[in-house]
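Take a look at this single chain in structure tokens; it is the form predicted alone.
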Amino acid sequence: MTLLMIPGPVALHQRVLNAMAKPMINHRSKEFANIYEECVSILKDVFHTKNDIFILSGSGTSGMEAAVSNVVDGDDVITTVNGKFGARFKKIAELYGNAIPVEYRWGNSVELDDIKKALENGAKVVTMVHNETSVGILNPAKEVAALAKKYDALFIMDGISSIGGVDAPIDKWGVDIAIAGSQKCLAAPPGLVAISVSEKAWKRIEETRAPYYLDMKEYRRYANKEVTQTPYTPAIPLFFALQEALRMLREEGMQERIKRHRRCAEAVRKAMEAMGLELFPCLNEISRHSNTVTAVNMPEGITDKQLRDGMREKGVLIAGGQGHLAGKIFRIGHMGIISAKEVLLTIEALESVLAEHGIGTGEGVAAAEQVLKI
């Protein structure tokens, strides 16, 4: 069985897999309403929010589009771009309004002064990818949320690959719309997205022409029915899986899950350094390396194909670079239910593949074990 160490989708626990095998139910029934309500209740704890939360059947990108399309109708939208998914936010904003990109080389840190200057021109919406998996960087969402609030702009945060694995208190930071994907830190299958909506965002939503399928007003209307529902037929087996995955998260404890993600990330980074490999992102004082995925510069003496094929032969699947970074970096995902065992197996396989090409020091596993205290 191949060990999945990519930045999503993540490996699934057997409990989650078993949940998807349950018999089908009526999505207009009290039985489904109970599942939906339990998921929302746990997600509010995960998001650290008292805001409304809705669960949509769709990928993370559907959540990004729902967030933008429900508050933007020809308006100026500041889009922060330093990776593939920030660029995706920009493209979505261009469909519904006037995108004002604050752009950097992929992997470079966001500068707050640039956001501030853009906000001074009167834009009322700011988008940011909190955890940019394409380059392994954790962007300063807290600081940008504060800037948006100062200039009375809505802040939309893509927390698809951070919420559930990284400290991201939505209400404390003042995030107006936050998005989490099922297939990342929540450790459920792909195909569901959770969205939190603040009171400030609702005021804007009420004034904005909405799309049909992603109309958040409809999601709120159906959620407030006597029996909680979704406007359209939900992906019921995925809700079975999400319910079980969230129960497992609750059993582990949110802070314990964050600590585990942080510890696994630190172990991978220390291992890369011990092996003589260079981490990719260019960081400033307000940006950090991601705790859910590590990006590494491709060392000389081996190609992307040789590295990833070699890892696959040893039973471990890692990711390459995206867009213009293809062949220049590789990425190791460590989110969801990943533990010390999987991290060490990945580093051991990587050391072995690199050694076959005369690369590396062979000290990665030992460095990781010190962090993991094994």
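Counting begins at 1, following the sequence as shown. All values derive from a computational prediction rather than experimental measurement.
The same protein also has a form predicted together with a small molecule, omitted here; what follows describes it.
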To test your reading of this chain, name the stretch in 131-139, 228-236, 67-75, 248-256 whose heavy atoms come within 4.5 Å of the small molecule in the model of the complex.
131-139
Contact residue in the model of the complex, chosen from 291, 80, 196, 183 - any heavy atom within 4.5 Å of the small molecule:
183
Residue within 4.5 Å of the small molecule in the model of the complex by heavy atom, from 85, 202, 219, 96, is 85
Is residue 161 part of the interface with the small molecule in the model of the complex - any heavy atom within 4.5 Å?
yes
Consider residue 60 of the chain shown here, and say whether it contacts the small molecule in the model of the complex, taking contact as heavy atoms within 4.5 Å.
yes
